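Consider the single chain below, provided in structure tokens and representing the form predicted on its own.
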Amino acid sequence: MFLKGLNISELDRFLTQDILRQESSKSNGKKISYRTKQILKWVYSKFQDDPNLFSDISKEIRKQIAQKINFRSLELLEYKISQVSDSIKFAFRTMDKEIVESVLMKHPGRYTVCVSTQVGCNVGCIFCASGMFGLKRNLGSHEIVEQLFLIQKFVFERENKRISNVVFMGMGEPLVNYNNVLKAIEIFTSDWGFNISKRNVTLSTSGILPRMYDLIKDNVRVKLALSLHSPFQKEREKLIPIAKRYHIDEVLKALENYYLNTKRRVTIEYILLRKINDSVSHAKELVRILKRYNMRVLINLIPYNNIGNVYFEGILLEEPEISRIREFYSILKEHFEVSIRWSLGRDIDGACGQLRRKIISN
């Protein structure tokens, strides 16, 4: 039983049935809700998960809680602080000795944490280090939440700051781990949890079509980002093999439906690869296909962050020249909101899976 994988009703039910039965019978259950809120306040407001330090709870109850509930599922293995930007890359070890990554990105007025949802990945994007060792398993909701908790604790103890934004853009495809991701979002955004606004949570997907519609059905009102990377179906299939299952037109239609149902601006993520998808014709085709849909779009252009000697049809993956990036940007800017997301962590193995890959290789 991992505390950080429980919502408030699940923790309340567990405490009632397993720990506080005598107290519950005396108080007709009223104290249980109070005890539950006490524990959650310690964890998600004070960022303390050692029950021995829950000073407003009796020693006997603390002892039982410590015996029956696991409060920690990840161990901080290492972290690397960027010397060129305000970002920190974290590597965590799971209880079964796997490694997952998270990144803290500091911006004026906000701190953002990028979390992983899987150990490895099976989407197979050629430009991403996450899938180079394949997919080991999904992360449990407690392991997703633990990443944010440990980084928040790290920041709070050093800077007395709170995390305001979360992006599901780390290792793995979030919509393949759908139920655990939804549970993590609930804990991130609930007033009894981290109390982060849903508008400050972004979920990125390579385009798992059925789950994109499930997000609408389940009223998951976070921001949605689509990893597109090419406006041409055949080329996209080569860059992102899972795209063979879901046509670009169907995926963009699902994105439009998400926007119409949530009124949340959607994001197109586009990694720029030199002499592969950075041409004028790519930019113009991207404008053409996006204009067919009724949605407010932000296009994030991401100059490629080198992960080693990786080739696409005989072409070495490289970042485009600055002039090429600016030309691509200018074409899009005439029609859409556009930003260039320069890597904040090139000196700390900041790209997805890089630090994990280095640790495993060593």
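Values in this document were obtained by computation on a predicted structure and should not be read as measured data. Don't overthink the numbering: it's just position in the shown sequence, from 1.
Only in words, not in the display: the form predicted together with a small molecule, which the text now covers.
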query: V166 within 4.5 Å of the small molecule in the predicted complex, heavy atoms; finding: no
query: Interface membership of L332, the small molecule in the predicted complex, 4.5 Å heavy atom rule; finding: no
query: Partner proximity in the predicted complex: S204 to the small molecule, non-hydrogen atom cutoff 4.5 Å; finding: yes
query: In the predicted complex, S141 touching the small molecule (heavy atom, 4.5 Å); finding: no
query: Candidate stretches 154-162, 86-94, 247-255, 120-128, one within 4.5 Å of the small molecule in the predicted complex by heavy atom; finding: 120-128
query: In the predicted complex, the one of E235, E269, E98, D278 near the small molecule [non-hydrogen atom within 4.5 angstroms]; finding: E269
query: Option touching the small molecule, based on a heavy atom within 4.5 Å in the predicted complex, out of I307, I69, I325, V43; finding: I307
